[in-house]
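One chain comes next, on its own, written out as structure tokens in the form predicted alone.
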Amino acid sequence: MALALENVSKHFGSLVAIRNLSLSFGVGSIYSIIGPNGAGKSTVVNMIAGSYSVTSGTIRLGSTTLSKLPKYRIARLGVARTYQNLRLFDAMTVLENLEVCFFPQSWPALLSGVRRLAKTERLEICRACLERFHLSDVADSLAGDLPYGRQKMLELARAFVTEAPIVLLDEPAAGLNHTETKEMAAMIASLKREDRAIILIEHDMDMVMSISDRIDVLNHGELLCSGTPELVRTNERVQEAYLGTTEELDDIRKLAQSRRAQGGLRSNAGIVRH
């Protein structure tokens, strides 16, 4: 089941966040969307998941158009996600945070015939998921009492517990230390399957380069570059988007040298005064 964005744009008033973006994501791969701050990465994820409406263009999952559907319908069609900021139910147990994923969340969903799993079946699936994500030992602990790194892992587990074919991960390593980031990267890599597409937004380039099959680079809401990690790593336009042009870098170096020189003068002046 492929996910496709076809000439998608998103405007916030006069601000154009995404402009005529076309991308497709087939199952069986891990994709990363990267770019400078403000490039439109999270906007793309929010449009796919239904949190933002599409100004123009179409988003499709297989033959189904997602663009006009409410969030709960998109989720029921098989799109799961995480958020930049944790969205756990702090006052519920770790196990309960997974179990809620199996309950229809609205009357329209109930009336559409969504099957509600039996309690024993839900618990079996959820406990198996906790085992996979190394959270079995805290199954009965309150989610809000977990260390931050394990909360992030629980958020990841919740995105995968329903076996959704499309999983959107919005900065899963944000706030993690080096060891936790390596563990998160290894876990995401292990979740790659032939019947699943994982779409990752992440600022940690070591993670992105190590686990991605394809990287899509956005800049000012447009697709700048798309390809393998090696192709993206060596692309001059990508380097300029992140680091600036040669002329801009020269200006930054001159400014830094000027400020260092001024600091030295102030330091010397201080010595003379004393």
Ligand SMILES: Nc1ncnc2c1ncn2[C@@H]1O[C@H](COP(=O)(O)OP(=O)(O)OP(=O)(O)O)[C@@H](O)[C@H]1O
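Residue numbers here begin at 1 and follow the sequence given. If you're wondering where the values come from, they're calculated on a predicted model, not measured in any experiment.
The discussion below concerns the form predicted together with the named molecule, not included here.
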message: Under a 4.5 angstroms heavy atom criterion, identify the one residue in 93, 177, 84, 162 near the named molecule in the predicted complex.
response: 84
query: So which of 63, 53, 37, 234 reaches within 4.5 angstroms of the named molecule in the predicted complex, heavy atom to heavy atom?
result: 37
- request: Classify residue 203 as contacting or not contacting the named molecule in the predicted complex by the rule of any non-hydrogen atom within 4.5 angstroms, answering yes or no.
  value: yes
task: Would you check, heavy atoms only and a 4.5 Å threshold, whether residue 183 touches the named molecule in the predicted complex?
output: no
query: Taking 4.5 angstroms as the cut-off for heavy atoms, does residue 171 touch the named molecule in the predicted complex?
result: yes
- request: Give a yes or no for residue 17: in the predicted complex, does one of its heavy atoms lie within 4.5 Å of a heavy atom belonging to the named molecule?
  value: yes
message: To test your reading of this chain, name the stretch in 226-234, 38-46, 207-215, 65-73 whose heavy atoms come within 4.5 Å of the named molecule in the predicted complex.
response: 38-46
